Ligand SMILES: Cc1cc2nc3c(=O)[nH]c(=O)nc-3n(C[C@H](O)[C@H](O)[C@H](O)COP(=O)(O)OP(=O)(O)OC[C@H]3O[C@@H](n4cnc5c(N)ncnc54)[C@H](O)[C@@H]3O)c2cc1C
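Only one chain is included here, represented as structure tokens and corresponding to the form predicted on its own.
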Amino acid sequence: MNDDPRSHGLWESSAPAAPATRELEGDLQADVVILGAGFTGCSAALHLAQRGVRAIVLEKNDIGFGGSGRNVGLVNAGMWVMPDELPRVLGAEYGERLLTQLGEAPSVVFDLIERFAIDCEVTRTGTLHCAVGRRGLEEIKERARQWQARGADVVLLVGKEVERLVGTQRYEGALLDRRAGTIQPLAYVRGLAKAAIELGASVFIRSAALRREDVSGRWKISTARGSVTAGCVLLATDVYSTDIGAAIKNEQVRLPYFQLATAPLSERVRQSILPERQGAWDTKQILSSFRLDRSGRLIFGSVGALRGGGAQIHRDWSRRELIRLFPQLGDVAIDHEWFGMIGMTADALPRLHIHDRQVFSISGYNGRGIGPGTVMGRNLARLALGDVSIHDLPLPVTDVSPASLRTVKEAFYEVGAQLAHFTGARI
């Protein structure tokens, strides 16, 4: 997108084409206007359109341009924090409500994919959280205990079973979450948008929302060449927010994350790495993720931005790390590389905001955009429809609060990842 192969990499080259859309021109009326065509915005539009509500989505760039189209593609249940942490932070009622919705989120995603025949390379064999060292093993043991206490279909693996499912001897254990799976994320968000449009929603790209004004009790959202007037506004721009939604971005610290995709592996090598096609990530503080796509490419990612001097540092480290984990790869070619930004909140949990009368947002998925984004889009749709009240949602309403030392922390994450990967073990 934007003629930049490092923005969406493999996902753009392998996703089905986006549905036909255009820039907004002229003045339109709607029941609900949604800003942002990512997982949350497209999910909200689809769920509104299913009910016959006139929904219009305004996207500054293209469908899936932000985090949704750069995602690793792991359809996980829950957040990064331990399950028991949610009730402690949010209170028992909201915390358990959120855990229930997030635990069910992969099923919501998979059901939408099946119902609307979304071609997005879906697999439903689970995900693997891989333990690095004894500390990592203790972490996943505790995570397994907490999820199993809630009846989740997760199992702790050790020994030969880990080696068989992952394809390496480098991990002490792994937590297999059978609720989860993988998708091609850009294909999925384009599929959500296509389904919403076919049901009557409208999506306008290259149509940044520049102003919001009250016109006779309704909200007029103006773009460069048009406007939409609606009774309700849903902000779904998250950490890629600008203009109207800038405050949402400013309450998050942006963490850069890159991915590299190999050339398709031989059938022999492909069967030795993630043979059941789970997506995986590890317990390191500067974590790594890896998975296969439909063509047998190995996709490997970690914290860092592929720009400036960091680009070569992260490439070199990734090659060393891949061979360390999977010696069977040999001198495999790298065909694609891309990176984006993950929005991190202070407590690693999402935020629900009321910005004004009938102006709502949910944001801050902390790297877990697919499942949470999909169900939170559904929640926003239900709120706009009047099916639920703001107090029925799985998050308490909070004020928008700018992140402290945001630019300093962002620089620290980017430079820190470069230093960690530069000094990482050499082969």
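Counting begins at 1, following the sequence as shown. Just so we're clear, the structure is a prediction, and the values are computed from it rather than from any experiment.
Not on display, but discussed next: the form predicted together with the named molecule.
From the list 334 to 342, 156 to 164, 350 to 358, 267 to 275, the contact stretch for the named molecule in the predicted complex under a 4.5 Å heavy atom rule is 334 to 342. In the predicted complex, at least one heavy atom of residue 368 sits within 4.5 Å of a heavy atom of the named molecule. Of the heavy atoms in residue 250, none are within 4.5 Å of the named molecule in the predicted complex. Residue 394 falls outside the set of residues with a heavy atom inside 4.5 Å of the named molecule in the predicted complex.
Shown alone here, residue 207 lies within 4.5 Å of the named molecule in the predicted complex, counting heavy atoms only. Contact with the named molecule in the predicted complex, judged by any heavy atom within 4.5 Å, is made by just one of 110, 300, 317, 240: 240. For the options 130, 236, 186, 180, the residue carrying a heavy atom within 4.5 angstroms of the named molecule in the predicted complex is 236. Residues 58, 59, 60, 61, 62, 65, 66 are the ones in 43 to 66 with at least one heavy atom within 4.5 Å of the named molecule in the predicted complex, listed in sequence order.
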